[in-house]
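Read the single chain below, which is given as structure tokens and is the form predicted alone.
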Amino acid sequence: MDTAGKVIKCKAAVAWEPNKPLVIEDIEVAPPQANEVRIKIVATGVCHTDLYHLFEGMHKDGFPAVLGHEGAGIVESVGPGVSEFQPGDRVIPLFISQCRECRFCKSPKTNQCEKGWAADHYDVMALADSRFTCKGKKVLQFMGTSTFSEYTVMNQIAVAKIDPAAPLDKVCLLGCGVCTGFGAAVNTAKVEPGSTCAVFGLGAVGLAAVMGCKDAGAKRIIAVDINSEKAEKAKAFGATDFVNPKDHNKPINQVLVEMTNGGVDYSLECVGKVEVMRTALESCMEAWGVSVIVGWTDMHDIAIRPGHLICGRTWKGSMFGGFKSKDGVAQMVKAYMDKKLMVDEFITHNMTLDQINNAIDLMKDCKCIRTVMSVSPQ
């Protein structure tokens, strides 16, 4: 049955309130309006940022919502004014827009865009308006994407068209985690050949950062995590050393400084904890070290002694790995299809949408790297 122009009733995992299990509900997804596309989500990863919103941020105005922002799917229909997409296109939803018209999009200095949900509502992590309703109530669209739903509606500036041959249940991870970590190393830190790096946190983002450091030609990559079971996985992605802070009776930054004759050239924090961010900075060579904050949190202030920067270190932040979203995702999908990028290796579990709470528990308990949920049949 042709669904274009009609409300679609489908399944979605709804977060009705913070710190509670998601509920599989029947929701209504309105047709796309001007400059919008409606997408059938085929597969989605579960990312820590989803858990952050649910269990840590818990913004009072951020619920009810459909979470999920690391997906891939097929365009079902398009609204008026859409010329870039047509039904049947294989796409990846983007939580950072690329309108190609604003001053940010036109600048090579940033991958941010002045349009999209993040421009005014980054604290709530959703726009006030959405195309979702459930039980007569408006349901928010998380990070402008909401991939824990069989269908979603997005502005065309936040959708990347990809190689139609790409497996959606793999490249969905390029919608967030893999690009975020990999790009933080190659685009933001600008890791140089022959350098020494440290990556803090070995979830999907951290492992992708390790992979990025290797791709950039780093000669030594020290992976840091409090779970020693991740050591072998890190080495598979390119780490040369593994350090567990629990194995040492001194601050881990001191351990790294001693290991590297003064500190690493580059450090990447992929945990989302302010104390680790400071440690990562202090692990850098004081004269020229570059430290990049990759892990997301907006709950605490961070403090540093001015001398730690005055001496020559650089402290940077990275959102989505510095990739211009539409362009970067398409490039990364091509790199994957050309067998120049590891993606399958991040996937430790495969589940269906009705198992979403099991997938969330796996991530909470640090028992997975990425779980990919099968949402709709292709």
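Only a predicted model underlies this, so the values are computations on that prediction, with no experimental measurement involved. Quick note: we count residues from 1 along the sequence shown, nothing fancier.
Separately, the form predicted in complex with a small molecule exists; it is not shown, and the next lines address it.
- Checking A185, A280, I92, V205 for any heavy atom within 4.5 Å of the small molecule in the predicted bound form turns up a single hit: V205.
- The contact residue chosen from T110, N227, Q254, T133 relative to the small molecule in the predicted bound form is N227, the criterion being a non-hydrogen atom within 4.5 angstroms.
- In plain terms, the part of the chain that comes close to the small molecule in the predicted bound form, with a heavy atom within 4.5 Å, is 272 to 280 out of 302 to 310, 254 to 262, 146 to 154, 272 to 280.
- With a 4.5 Å cutoff on heavy atoms, S267 does not count as touching the small molecule in the predicted bound form; it lies far away.
- C47 belongs to the set of residues with a heavy atom inside 4.5 Å of the small molecule in the predicted bound form.
- Taking non-hydrogen atoms only, Y336 never approaches the small molecule to within 4.5 angstroms in the predicted bound form.
- Although the partner is absent here, M363 sits close enough that one of its heavy atoms falls within 4.5 Å of the small molecule in the predicted bound form.
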